[in-house]
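In structure tokens, one chain follows: the form predicted alone.
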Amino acid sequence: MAQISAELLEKLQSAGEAQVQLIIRTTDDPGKYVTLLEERGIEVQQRYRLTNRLAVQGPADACLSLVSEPWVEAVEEDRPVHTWTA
């Protein structure tokens, strides 16, 4: 089972068809899984090949099914990144 925070797991379980944005860390080349994700109604927004990650958007219930996939190492919420400058 993939690493996922208890908070995110609960959110996915209760969100049903609501759209969520996630970062999926894969065990190998993330490009291999794009077609599989699209077949599940999950849109791949960005591929990060150097770190084996995909930024995805899709229904929470479809994304929840990724947690048990053997090629998924971790699932985290895709949140905005802010930088601080002095």
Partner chain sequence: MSTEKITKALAQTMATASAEEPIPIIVKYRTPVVTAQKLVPGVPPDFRYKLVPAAAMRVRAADIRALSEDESVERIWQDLPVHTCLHESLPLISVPAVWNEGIRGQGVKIGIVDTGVDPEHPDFAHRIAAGANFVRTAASYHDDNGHGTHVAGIAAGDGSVQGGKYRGVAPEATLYVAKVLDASGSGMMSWVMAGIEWAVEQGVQVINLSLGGPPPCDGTDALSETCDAAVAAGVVVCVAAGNLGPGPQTVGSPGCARQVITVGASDKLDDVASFSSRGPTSDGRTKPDVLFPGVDIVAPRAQGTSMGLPVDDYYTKASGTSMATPHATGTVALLLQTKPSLTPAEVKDLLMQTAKDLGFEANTQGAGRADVYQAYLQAAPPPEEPEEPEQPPQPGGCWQAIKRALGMQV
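Positions refer to the first chain, counted from 1. Bear in mind that the values here come from a model prediction, so they are computed numbers and not experimental data. C-alpha atoms forming the largest set that superposes within 1.5 Å between two forms make up the rigid core.
The same protein also has a form predicted together with its partner chain, omitted here; what follows describes it.
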Any of the heavy atoms of E76 lying within 4.5 Å of its partner chain in the model of the complex?
yes
Answer with yes or no whether T35 is in contact with its partner chain in the model of the complex, where contact means some heavy atom within 4.5 Å.
no
Does at least one non-hydrogen atom of R47 fall within 4.5 angstroms of its partner chain in the model of the complex?
yes
Are any of the heavy atoms in L64 no more than 4.5 Å from a heavy atom of its partner chain in the model of the complex?
no
Can you name the residues of 1 to 40 that have a non-hydrogen atom within 4.5 angstroms of its partner chain in the model of the complex?
Q21, I23, R25
So with the core overlaid, does the Cα of A6 end up 2 Å or more away between this form and the one not shown?
no
